[in-house]
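The chain that follows stands alone, in the form predicted on its own, written as structure tokens.
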């Protein structure tokens, strides 16, 4: 039966009632929705288990760039395609992925690195570090990095050298790069 334009639609009492909430949440085909939900859950599990890992910042070593208590995500695939670059903030695995350090790459394999009165020198050239707000007075002897070695440090350099966890790190311990 065709209704003329402007006429009101009269529901057919013999037609099954459709629950709008059910259709909105589950869809018209529950089996398809269940399959899609399963695929989405599996993809999320894989991505957040093996590609993007959450990193909770504990401590002040990366202030002011990253604050204590902050949450960030690290991309673990980026360094499968290329090596870390100076200036990038990386996560460094310790014994397990439950404990990681958040540090900035300052020098790469083959570089000679040292600090002189708080200034960073790589291969004899002073490197400007606009991300360092609280500089220190660090002075260290020159150190040449090996084939798979990177030199990392936090952005907060206000405390004595001895109190910091940083320095030479093997490439195999660099788990990924911070996204934001």
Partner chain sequence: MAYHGRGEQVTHRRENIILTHKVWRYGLVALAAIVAVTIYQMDRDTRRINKRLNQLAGTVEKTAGEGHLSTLAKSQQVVGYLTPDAVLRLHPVLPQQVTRRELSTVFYQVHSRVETLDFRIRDRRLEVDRPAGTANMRFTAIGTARWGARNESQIHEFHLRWVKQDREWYIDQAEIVQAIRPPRR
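Keep in mind that this is a model prediction, so the values were computed, not measured. Numbering follows the first chain given and starts at 1.
What comes next is about the form predicted in complex with its partner chain, which is not displayed.
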query: Full three-residue contact with its partner chain in the predicted bound form, heavy atom 4.5 Å, for 60, 132 and 157; finding: no
query: Contact flag, residue 95 vs its partner chain in the predicted bound form, heavy atom cut 4.5 Å; finding: yes
query: Residue 141: touches its partner chain in the predicted bound form, heavy atom cutoff 4.5 angstroms; finding: yes
query: Touches its partner chain in the predicted bound form: residue 152 (any heavy atom, 4.5 Å); finding: yes
query: Options 144-152, 66-74, 117-125, 36-44; stretch whose heavy atom lies within 4.5 Å of its partner chain in the predicted bound form; finding: 144-152
query: Residues in 149-168 with any heavy atom within 4.5 Å of its partner chain in the predicted bound form; finding: 149, 151, 152, 161, 162, 163, 165, 166, 167, 168
